[in-house]
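Next up: a single chain in structure tokens, the form predicted on its own.
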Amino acid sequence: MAAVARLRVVRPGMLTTVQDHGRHGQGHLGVAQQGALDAYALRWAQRLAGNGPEAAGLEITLLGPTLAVLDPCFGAIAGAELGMKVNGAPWPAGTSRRLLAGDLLSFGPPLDGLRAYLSFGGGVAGDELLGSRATDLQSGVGGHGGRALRAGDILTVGDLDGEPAAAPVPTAILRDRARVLPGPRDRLFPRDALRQLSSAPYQVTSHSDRVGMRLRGPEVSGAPGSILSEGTPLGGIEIPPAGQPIVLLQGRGTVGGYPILATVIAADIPLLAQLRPGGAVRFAVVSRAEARAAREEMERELLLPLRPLA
């Protein structure tokens, strides 16, 4: 990365971290996946910025940072509408633009969703581990010193220029219905467990984080309790003995001991990343064919032509 442009963190926001698409294929070594919780929004931010899939950006949670642009660069914002502004003027999600030295980037108040992704032409520099710059807050590695941004930090980004453009579709998936596939341990539960899971909405609790989304709602009865630890899939819905589901996200551990009743399909993981605490989500069981079709539709959307901006 030709990293010659800089930004200074004036205020860090609630939780702003350097993220890319994470560390894949390292679970057997005990290395957590990490990476952007909303990979769909990050991919749009990187595409709008003119970057490849390996580039890193900033994941911004609800209350965004204030950043001072020290050198000219090209930026893109995607995901939730968190009230981003450049020098006090709105910068809509799903667009890219040139930034000048002296510009001030700020956020608030948030309008919808929970997470936005800010990228720059050439990507965001960060500590690399096992082929990824993703910040792992639990282990303290990757990204900007393995931690969230702090006031006074200097970010180094690429200097690649681009043409301002807009995504042809919304870059955040804001729905309250998540589709799931049964398993991998659905056979350990009573026959009506999946029906219980999909019978009514669940509320996202304030104890949710990058590791998992804790839910409150209808009890899934008959959970077999803990089992021998085994690998944990992204989107796996664990059922602890109390019967309140936990949806595993990118920061999950590589193994776990609660049985997984169902798994959120890949195309609906991004919508989980945009659910705020207190929000609701419903689960709907679908077939593998429906899950594949949804993933293929998402990939087609990500290839749609960008709209030039004057």
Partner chain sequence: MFEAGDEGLLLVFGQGLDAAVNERVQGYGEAVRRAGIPGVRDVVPGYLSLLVTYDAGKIDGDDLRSALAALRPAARAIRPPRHHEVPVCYGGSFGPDLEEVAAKAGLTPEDVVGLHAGQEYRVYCLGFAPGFPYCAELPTVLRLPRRPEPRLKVPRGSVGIAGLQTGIYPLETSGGWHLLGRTPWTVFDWTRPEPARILPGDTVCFRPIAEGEFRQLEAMADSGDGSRG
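Numbering follows the first chain given and starts at 1. Here the structure is a predicted model, which means the values were calculated and not measured.
Keep in mind that the form predicted in complex with its partner chain is missing from the display, and what follows is about it.
Shown alone, this chain has one stretch from 228 to 236, 105 to 113, 162 to 170, 68 to 76 that lies within 4.5 Å of its partner chain in the predicted complex by heavy atoms: 228 to 236. Contact check for residue 185: a non-hydrogen atom falls within 4.5 Å of its partner chain in the predicted complex. Residue contact check for residue 11: none of its heavy atoms lie within 4.5 Å of its partner chain in the predicted complex. Proximity of residue 138 to its partner chain in the predicted complex falls within the 4.5 Å heavy atom cutoff.
Not displayed here, its partner chain is approached by residue 266 to within 4.5 Å at the level of heavy atoms in the predicted complex. Checked against its partner chain in the predicted complex, the candidates 86, 125, 181, 194 yield a single residue with a heavy atom inside 4.5 Å, and that residue is 181. Residues of 273 to 310 placing a heavy atom within 4.5 Å of its partner chain in the predicted complex, in sequence order: 288, 291, 292, 295.
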